[in-house]
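As a starting point, one isolated chain is supplied in structure tokens, in the form predicted alone.
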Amino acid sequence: MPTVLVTGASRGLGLELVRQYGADGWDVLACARDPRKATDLQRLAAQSEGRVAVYPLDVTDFTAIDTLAGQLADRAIDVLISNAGTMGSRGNALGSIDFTEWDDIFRLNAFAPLKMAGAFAGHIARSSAKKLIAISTIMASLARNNLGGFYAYRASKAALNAIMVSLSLDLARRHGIIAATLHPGWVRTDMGGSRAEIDPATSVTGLRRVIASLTKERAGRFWAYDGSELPW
């Protein structure tokens, strides 16, 4: 069976990714910062007949990423999805920006996916599908920014987008890996809020469809969950 690794798997989109891939018979490596508190994820794993394995991983701890990569050294990973992320405090006022918070936001949203790619490139290269996915946001699109605000979130995800374009080129040449950036839509999660447009099941169904359709020709681009291409 194919294998998928998902970060930020304890809730929201990450949990739904685990649910759907597990239900389709994939082996799922579900990574959560504190699995002891992830009761829904633990329940999924217990009911999965061994398909879902839960691993503790704080992706801002780069030593922990290397340790997990070593623990999984014998595993081929068909799809790696860097899903963990944060919007931060959502501050919009120029005069009250907490610039020290930017370090944490960039480390989680941009640097951690890059570290995951470096640590797990060999695992992905040994698989059949060879796909590296980062969950970004339309709010990172410079062309689609019509509202302003959310400086750290937009900037960190725009940095992630730039990183993924370079990874798509470098990893394709070195390992034949297909890398792409995905926008999940405005989803009713803790981050998206109750007024969001779609539920996690709708988003993840679309994301999985896009991931399955990715080819070398479609790599290095910015795709929405509905299959449309977004401008950078």
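In this text, all values refer to a predicted model and were calculated from it rather than measured experimentally. For every residue, the number given is its place in the sequence shown, counted from 1.
Another form, the form predicted together with a small molecule, is not on view; read the next lines as being about it.
- The stretch that touches the small molecule in the predicted bound form, counting heavy atoms within 4.5 Å, is 129-137, out of 129-137, 68-76, 142-150, 114-122.
- Contact annotation for D58: at least one heavy atom lies within 4.5 Å of the small molecule in the predicted bound form.
- Taking the partner from the other structure, the small molecule in the predicted bound form has a heavy atom within 4.5 Å of a heavy atom of A84.
- Heavy atoms of M191 reach within 4.5 Å of the small molecule in the predicted bound form, making it an interface residue.
- By the criterion of a heavy atom within 4.5 Å, S10 is counted among the residues contacting the small molecule in the predicted bound form.
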